[in-house]
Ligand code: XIL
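Next up: a single chain in structure tokens, the form predicted alone.
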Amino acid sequence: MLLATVIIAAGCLRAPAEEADLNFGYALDPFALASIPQYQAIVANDATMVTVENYMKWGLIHPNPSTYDFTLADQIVATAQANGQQVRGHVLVWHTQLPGWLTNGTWTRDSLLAVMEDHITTVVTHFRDNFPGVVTHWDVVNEAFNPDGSRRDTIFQQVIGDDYIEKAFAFARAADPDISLFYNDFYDDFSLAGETLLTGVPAGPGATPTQSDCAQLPKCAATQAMLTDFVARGVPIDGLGFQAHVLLGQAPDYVELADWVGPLGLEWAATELDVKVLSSLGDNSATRSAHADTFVSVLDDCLESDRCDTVILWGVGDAHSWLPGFTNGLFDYGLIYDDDYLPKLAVVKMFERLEAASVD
């Protein structure tokens, strides 16, 4: 293990990912990318695709009605371009991290649609024109459903209505006909239960390793119904992103959960993968083994499916993970590099799985 750690300390996953035809990479923080050499090396040597963790979200990229700030997002996209990597845009429409001018405004359906169209068009065309061929995918709408499968009561839902989602996809397609457009959400049982604690909206059952039939899971079934309708009516959509913020040892069977996606002519992707570990368990050999196996199970599901070609981890190392802050320290150790950007067992096991896939 010591030799393997030395060999892969600066990243090693890019070559086998490319051989396996897999878009693999990380959500990036621009400040870490600009200042931490280990972070830079891992991103360059591991990733074929990256995304921007926060700095394409509405509140940061469009802070005032007539102001767009692409500075930090551009830094990440420019680095990806220099590295020969693709970028997954994230996210055009979401109910969180919105600017006050939007959430506190007085809107009609038509006026909010106009604002949404301007935002989507401006953001998508900015990257289309300034970084041709680099931003190849967009998460267009994020988390539109409650844990019980009902529509989330967002400002877009309240003012525009159910069709705000299809309108967002139409605006994105008009802005760039060549990008892949995804709806992005989470369906695992643990995340749904956590959402219920935060919102009070009762959760239907979510996906587990032994129950991953989308039709039996209200939130997934609601997504399936929406995407089936979109395809039937020609709404422009290319795929479904599964966020995959999963609990240690509890990753759903994504092959089963997504088995309806292919027949619709759509793709699916693991878009925000990390593995929640109770901080009280510590970062020890037993935890790292289970942690590695959980990552590999999601990777394996994507590699086994002929409709999945993307696995994006929600961060590079634990030092910049969202988990401790979001959970008040209850969960940690969610990523495949530790606080010092040294590789965990998950890197070794994922390398081995990618190598096997490239041989196949």
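The numbering used is simple: start at 1 and walk along the sequence shown. Quick caveat: nothing in here was measured; it's all calculated off a predicted structure.
Unshown form predicted in complex with the ligand; subsequent notes refer to it.
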Would you check, heavy atoms only and a 4.5 Å threshold, whether W314 touches the ligand in the predicted complex? yes
H62 near the ligand in the predicted complex, any heavy atom under 4.5 Å? no
Given that the ligand is not shown alongside this chain, does Q97 nevertheless sit within 4.5 Å of it in the predicted complex, heavy atom to heavy atom? yes
So in the predicted complex, is the ligand close enough to K167 to count as touching (4.5 Å, heavy atoms)? no
So which of Y39, W322, W58, F70 gets a non-hydrogen atom within 4.5 Å of the ligand in the predicted complex? W322
Counting any non-hydrogen atom inside 4.5 Å, which residue from Q85, T223, N184, N146 sits next to the ligand in the predicted complex? N184
Pick the stretch from 255-263, 151-159, 109-117, 88-96 whose residues have a heavy atom within 4.5 Å of the ligand in the predicted complex. 88-96
Judged by heavy atom distances of 4.5 Å or less, which residues of 46-85 approach the ligand in the predicted complex? E53, N54, K57
